[in-house]
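Form predicted alone, single chain, as structure tokens, below.
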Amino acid sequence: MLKIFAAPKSVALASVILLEEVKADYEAVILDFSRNEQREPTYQAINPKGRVPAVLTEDGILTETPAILLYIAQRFGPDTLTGGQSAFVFAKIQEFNSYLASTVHVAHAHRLRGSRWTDDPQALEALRKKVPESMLQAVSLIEDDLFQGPFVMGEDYTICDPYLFTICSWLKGDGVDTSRLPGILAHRDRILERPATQAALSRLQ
């Protein structure tokens, strides 16, 4: 049985949603970031990065959301989760999730995790002030150029969908004007209605 380490309101939600979608047998261990449980020695031994998610498998430990989503899909789910038999669609899915990880999530982190980049109080405030603009720019690219609809890659639900849903659940807190993102809002509502999403949200309350 898999064991996933997660935290409320974190990107780990995407992986828990997918575990529910594929009906995997798993245990969720919920960390309390307000108590810095991710920095305790017991968790550092599992993931020295001190972040979530981390997944304990029979073969070892996996970290980083794109890798975990791919592992869950390939182990438990249908081929459509990762692009079916199309090498090109598979690559496009990795392209999309890489953009979420390397650009969109990083832009969001400037609001709450600015100390990763600077200790200067004025620089930290500047990072926070930039977040509404940088996040809107990042997700507008998704809205205008990357999102196909009704799901990210078109008609099939893929590993991109719980990931986009999770990151876009942060937009209001980031001060983004979501009225300019009708496609993403419709996608959010569509994913929210799915039983797997509701089950995952209940797990991470």
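In this text, residue numbers run from 1 along the sequence as written. Model, not experiment: these values are computed from the prediction.
There is also a form predicted in complex with a further copy of the same chain; it is not shown, and the following applies to it.
Q: For the chain seen here without its partner, which of 54-62, 170-178, 153-161, 27-35 has a heavy atom within 4.5 Å of a further copy of the same chain in the model of the complex?
A: In the other structure, the partner sits against 54-62.
Q: Although the partner isn't part of this model, could you tell me whether Glu40 comes within 4.5 Å of a further copy of the same chain in the model of the complex, counting any heavy atom of the residue?
A: No, Glu40 stays farther than 4.5 Å from a further copy of the same chain in the model of the complex.
Q: So in the model of the complex, does any heavy atom of Pro48 sit within 4.5 Å of a further copy of the same chain?
A: Pro48 belongs to the contact set for a further copy of the same chain.
Q: Evaluate Leu81 for contact with a further copy of the same chain in the model of the complex, applying a 4.5 angstroms cut-off between non-hydrogen atoms, and reply yes or no.
A: Looking in the model of the complex, residue contacts with a further copy of the same chain do not include Leu81, since no heavy atom lies within 4.5 Å.
Q: Does any part of Leu112 reach within 4.5 Å of a further copy of the same chain in the model of the complex? Heavy atoms only, please.
A: The answer is no: Leu112 has no heavy atom within 4.5 Å of a further copy of the same chain.
Q: Taking heavy atoms and a 4.5 Å limit, what residues of 76-102 are near a further copy of the same chain in the model of the complex?
A: Contacting residues: Ala87, Phe88, Phe90, Ala91, Lys92, Gln94, Glu95, Ser98, Tyr99, Ala101, Ser102.
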